[in-house]
Ligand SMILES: NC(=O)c1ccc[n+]([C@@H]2O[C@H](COP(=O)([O-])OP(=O)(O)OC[C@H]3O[C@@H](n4cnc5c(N)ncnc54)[C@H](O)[C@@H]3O)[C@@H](O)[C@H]2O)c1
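Presented below, as structure tokens, is a lone chain in the form predicted on its own.
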Amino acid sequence: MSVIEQSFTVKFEYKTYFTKEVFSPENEIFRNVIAQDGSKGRRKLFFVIDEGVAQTHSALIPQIKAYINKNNELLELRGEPFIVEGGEAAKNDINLVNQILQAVNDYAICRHSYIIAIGGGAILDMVGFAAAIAHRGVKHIRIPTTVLSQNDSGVGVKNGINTFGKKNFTGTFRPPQAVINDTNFLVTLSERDWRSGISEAIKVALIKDKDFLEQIIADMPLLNQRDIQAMNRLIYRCAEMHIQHIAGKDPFEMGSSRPLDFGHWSAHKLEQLTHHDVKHGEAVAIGIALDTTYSFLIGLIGEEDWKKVIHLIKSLGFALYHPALSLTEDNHHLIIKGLQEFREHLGGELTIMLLERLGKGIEVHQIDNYVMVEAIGKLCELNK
């Protein structure tokens, strides 16, 4: 037997910027990101923009065109920006990916060109996936426009779409060239979208940083009043912790451990069961409440800590329960199927993050379905 063994390392590096009015003539962040990429000549740009963002910020596309014209020695706009429906619908429609691939072909977008995604997490996921498979990888820049995407999904390395009725079933791990968080996009968010992304901050604080959890609790009145400084504090720390985790030992999730998905096994299933009427952040808040309650019921955390988490989630305006949690088929709760789907998505053994204490998560490999149903019942009562 003969064997040729190969081993190599690929270094990925990207920055997350925090700014205001990214396409104002004086703001050079976007230009500098591209100027410093090591390529030569003018870079071709193709933009994909969330329809809701384009409608709310009607000056955005003219601003982009003026910015590119001002920097036309470096930047070249190819085609009109592609405006697509935002939200989970973007990840459910494979035709949108195909249309982006068509644009890459039609506008001669090459591996030294850029696809720029402006929108919420679903748009960023879908566009990132299209960029990753075009020419085996076209550079892309993410400009997240929601709390959820600025503090979590937009700063990571994952891209994907939903297929076979399963969230993120088809996707890639490919980092962006850069992430640019623009505060201006947050002030026009709906109440639901403003609140929704806070759940991811609660999640990471609960499993990693009690001090951050206490900061969220202290800032709760300000967050409810839509104080932009309090939100910027939350987004920065949450994004920082997500980025630190990604830089750890398993950025492409080769193993079965995914601690940053605390509360997510049920959240993903709840989104599916409600046909995405429940937003991702809202589902995560319920998932956090559920797994925190389960942690309490099996004796991992005490009643005082459990009540503290439940009070925080409720006080921020999240629901603790949705009727879809109690849907059954053949006397089995449909939400419990999320455990098996979560295991399949990760591969290997079931690995679920629970709470050992506030600020410290613990991984378990078994869930007692009867206790989980009891936890659902408790949330139903508390939600009344």
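Don't overthink the numbering: it's just position in the shown sequence, from 1. Only a predicted model underlies this, so the values are computations on that prediction, with no experimental measurement involved.
Although not depicted, the form predicted in complex with the named molecule is the subject of the following passage.
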TODO: Find the only residue in Thr188, Asn232, Thr163, Asn71 having a heavy atom within 4.5 Å of the named molecule in the model of the complex.
DONE: Thr188
TODO: Tell me, out of Gln63, Thr351, Thr56, Ser326, which residue has a non-hydrogen atom within 4.5 angstroms of the named molecule in the model of the complex.
DONE: Thr56
Task: Touches the named molecule in the model of the complex: Asp152 (any heavy atom, 4.5 Å) - done: yes
TODO: Using the partner position in the model of the complex, report whether Gly171 sits within 4.5 Å of the named molecule, counting heavy atoms only.
DONE: no
Open item on the list: Residue-level question: is Ile115 within 4.5 Å of the named molecule in the model of the complex, judged on heavy atoms?
Closed with: no
Task: Contact of Lys91 with the named molecule in the model of the complex (heavy atom, 4.5 Å) - done: yes
Open item on the list: Using a 4.5 Å heavy atom cut-off, which of 102-110, 288-296, 208-216, 82-90 contacts the named molecule in the model of the complex?
Closed with: 82-90
Task: Within 114-148, the residues that have a heavy atom no more than 4.5 Å from the named molecule in the model of the complex - done: Gly120, Gly121, Ala122, Ile123, Asp125, Thr145, Thr146, Leu148
